[in-house]
Every structure is written in C-alpha cells, then in structure tokens.
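Okay, here we've got a single chain as structure tokens, the form predicted on its own, with questions on binding and movement later.
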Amino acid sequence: MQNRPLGKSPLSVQPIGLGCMGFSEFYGNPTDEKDAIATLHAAVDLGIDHFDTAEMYGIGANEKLLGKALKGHMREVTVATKFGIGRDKETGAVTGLDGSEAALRASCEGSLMALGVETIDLYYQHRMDPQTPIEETMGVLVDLMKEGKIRAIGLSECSADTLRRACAVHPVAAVQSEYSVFSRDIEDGILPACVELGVSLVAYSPLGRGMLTGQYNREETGLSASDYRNLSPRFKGDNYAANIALVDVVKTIAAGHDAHPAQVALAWVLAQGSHIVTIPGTTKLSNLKSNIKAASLTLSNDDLAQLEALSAQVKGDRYGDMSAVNR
C-alpha cells in the first residue's frame, strides 16, 4: 500500500488504518487488555500505521491502551486522538461540548499523559462547540502546535462553513466524518470543501458500523445489550430489514472478485479520491487482515455504479440524535 498525505501537514498514512474505539466500549464489553494489545501489536506488524482514538472512548481507557500497546512504536505510526466531548467519569454520561481554551489545554495534557507521548500526531476537535467560535479553538490549537504538543490539526463532523473558517486561521490536515456506501451525505458539502482547501478526509465507519460486512443475520442483529448500535435508527425494525437486504448487492460484487463484502465497501471509499483514508474499527485479527487487502482491490465502473445507487435506498438516520453533527 502507498501512503496518502494528510492534507498539507507533514503526516502521511496507509489508506487503511485502525479505529480503536471498540476495544474499550460502545460495541459491547471491553476487549481483554492482553488480547487487545496482541491485536494492536499484530496491526503494527501488518503495516498499519494510523491508529485513531479519543479522550472520550472509555473515558481515557482507550488512549491508555494505545499508549501501553504502542510504546516503543510511536515513531513508526501516526496516532490521532480527539477532544471536546465531556463525560462524567462516574456515570459515563455526556456532559456537553467544550472547545474553550481551558478545556482544550486540560484535554491535551490528559491525552499526552495517557498516550505516553510528548507530541500528539493528529489532534481533532471531536464535535464543534456552539458556544465557542471555531476561530478561538483554532487559535489555541495553533498555539499547541507552536509549543510542540501537537503536529497537525483535525476537525471531526464539522460543516463546510466551519472548515473554511478554521482554514482561514490555519490549515486543517484532516476532517473525520462518517463515509461509506450507505452514508454519503458529506458529498453535498464537506467533501467538496476538503478538495477545495487541500484537506484530507478520514472516513470513519466505512463499513456502516459493521452492516456492510455481510455478517449480520437477516432477522435480528444479535447485538449485545451494551452495544450502542441498538440506538441507531438503521438497526431498528423495518429499517434494519431493508438495509440488510441492500447488502446483498455488496455480497454479489464481492463474490465476483473472490473478495469479502467488507473489502468491497472499503475499496469503494478509497476509490472516491486519493485524499481519502479509512479507519475501519475491529477488535479481531482476522478482520484486520481482511480489511488490509481492500487497498489492492480494484472495482469496475459497473461495480461502482451499483454501489453508488445504494445510499439513496438506506432507511433511517445514522445517529438517533443528529444535533451535534456537522456544525
């Protein structure tokens, strides 16, 4: 796989990285630490060089896991983390969005300590704070760059207007947004803005939160009670049944390439532009090995046309509450 640059920053990464959130929470019980570390070590050995985490994942536990697992490898990889979503340490409840200088600096110091590094490679604002102008938050991020605490700036789930305002202060290396065969709403605004401004897109949930892997039962999800996908409109009732039926198209294309449906879904995202990289999340080594192979899969024009027709047929929003998305 050939590296792809992250915007105008000095960073470049492989097209397929690893979203690490699931090791700590949201997709059921946390992975046993020993098993998680073994998978992360295997990822490095396989050539994965882009690991994505956030302060809120496991309320710091995910960053600590990466810090422990990647100790001694930090110079070989790019580690991205995020700030801006507050959580109660006792209950885990989200307490709000905060892009103020005080909160940002406290989060940065906490992440540096948890990861065990002196500099964070790519630091995202996780969600936009409606009470703090993006120009103010960007100013603090620029100061953190000058202080050597971060290498590059990112924004997650921002609007095109917010991105333009941010870039007027300092170049943004990457925007992280959900993007997949099933989720293409960013093509109307943020994706063209990224191209215009020379910003990379880091596509999270490129496998539709697992739905595009073709591994779900047609009748029921089989998700554990603690899996946050139970709250997603796309995984409920008639929506779920309709969406799973759409995956048959992905399966058919995959069979024609002697490939896995997940590889087809990832290959579609990567085919949308050389400024796009992906961070599919998994806690299983077998999935990791399979995902990597997607970088060498070439889809035909007919394949692409069939896949591009699916998003208009997807039922349900990707989140139950979209109020904090694309500000």
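Owing to the predicted nature of the structure, the values given are computational and were not obtained by experimental measurement. Numbers follow the displayed sequence, beginning with 1.
The same protein also exists as the form predicted in complex with a small molecule; that form is not shown, yet it is the one meant from here on.
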Next on the checklist: Taking the small molecule as it sits in the predicted complex, is S205 in contact with it (heavy atom to heavy atom, 4.5 Å or less)?
Outcome noted: yes
Checklist entry - Can S100 be called a contact residue for the small molecule in the predicted complex at 4.5 Å between heavy atoms? => result no
Checklist entry - Quick one: does N287 come within 4.5 Å of the small molecule in the predicted complex, counting heavy atoms only? => result yes
Next on the checklist: If we define contact as a non-hydrogen atom of the residue within 4.5 angstroms of the partner, is S224 a contact of the small molecule in the predicted complex?
Outcome noted: no
Checklist entry - the small molecule isn't shown here, but in the predicted complex which of Q215, N239, T252, T95 has a heavy atom within 4.5 Å of it? => result Q215
Checklist outcome for this item: The one option of R151, R229, R184, R87 with any heavy atom within 4.5 Å of the small molecule in the predicted complex is R229
Checklist entry - Can you pick the stretch from 296 to 304, 254 to 262, 41 to 49, 63 to 71 whose heavy atoms fall within 4.5 Å of the small molecule in the predicted complex? => result 254 to 262
